[in-house]
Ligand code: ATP
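Take a look at this single chain in structure tokens; it is the form predicted on its own.
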């Protein structure tokens, strides 16, 4: 199979193609083969717009150190695993890896890496759909190399692991398997499904470091079909391994997704609001366990616990017949935006209107007067400043003091 330049231009930008071709030329001049690899090639075949560019070469990646001017590279970041991230002056980046072989000293450990050939490099990868190579030199540009049946599995829509210990060696592949399955609407090959189930039952997920689990969890929460992935994690016992005992209900997840997708101001993923949903029926003990195993930050963990206790109180207050703008503001302003979005998904008609009022209007209200203005009015610097500014904000929240001169007059009257 060969991908034509015309098709590539529909998936990769012209600038990205130029960079890829330049790297191919550099490797060829150095006498080493060089290819696009993995998810990059998979997405090209699936015609998915591509942002992340991964390249593999048998050459030493340090050869790029001497070429920043030619490639207009701003910075090169090397890692312990013989990889390099090329950061270009235009803001783009490419990842280059030296072909390597990996061994795992024990289950869920980080791999021990050794230099190797391209044929060995593709064998170390997670799934057949991620083992494809695409030539980037003048001689073979666009040619696809498939040694392990990746093209056939892409065409059939199959997720297939490469060897029987794949998920024991690296349990993060379990999370990726479900992520790819839902992203592409693929299915698990029968043996791979069994291997995943056996790995989950073995408890190997708990052997991962919290940092590695956090990375995989937050990646899948950014997915367009995150709700399907989360339901699969729950249904297959993976969330239970992370501390959440009760299986998530599809109707609650789907309702949440519908309600937040209707909110026009949401232009990015809300990972924290999704974590609040996942843990909303969990006990305090479960949330603490989940927070530890997923590597949540202290503030994130505290928020999960706070909303578990305070969600009902907040929504009940917002549902009252009469609630001032000032009350709405001070009830919600201490919460991060993700938490307010979560509350929006759980709100009744009345409380939803008030949360939307906060999100669209109240949270953007600012007082115009500054500390220097208070000094000019002869007010001595001290704790009184905080009291004055809060009082001004309260008045503005309730629809008063629209102009700065009105704020100044208010201070003169109230704080002589």
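From a predicted model like this one, the values you see are computed outputs, not experimental measurements. Numbering follows the first chain given and starts at 1.
There is another form of this protein, the form predicted together with the named molecule, and it is not shown here; the text below is about that form.
Chemist: Taking the named molecule in the model of the complex as the reference, which of 346, 100, 193, 183 has a non-hydrogen atom within 4.5 Å?
Modeler: Exactly one listed residue reaches within 4.5 Å, namely 183.
Chemist: Just one of 116, 234, 325, 172 has a heavy atom within 4.5 angstroms of the named molecule in the model of the complex, so which one?
Modeler: The residue from 116, 234, 325, 172 that makes the contact is 172.
Chemist: Heavy atoms within 4.5 Å of the named molecule in the model of the complex: which stretch in 346-354, 56-64, 40-48, 359-367 meets that?
Modeler: Within 4.5 Å of the partner lies stretch 40-48.
Chemist: So in the model of the complex, does residue 130 come within 4.5 Å of the named molecule, heavy atom to heavy atom?
Modeler: Flag for residue 130 set to yes.
Chemist: With a 4.5 Å heavy atom cut-off, would you call residue 214 a contact of the named molecule in the model of the complex?
Modeler: No, no contact at 4.5 Å.
Chemist: Is residue 126 a contact residue for the named molecule in the model of the complex, using a 4.5 Å heavy atom cut-off?
Modeler: Judged by the heavy-atom cut-off of 4.5 Å, residue 126 is in contact with the named molecule in the model of the complex.
Chemist: Counting only non-hydrogen atoms and a 4.5 angstroms cut-off, does residue 176 reach the named molecule in the model of the complex?
Modeler: So residue 176 counts as contacting the named molecule.
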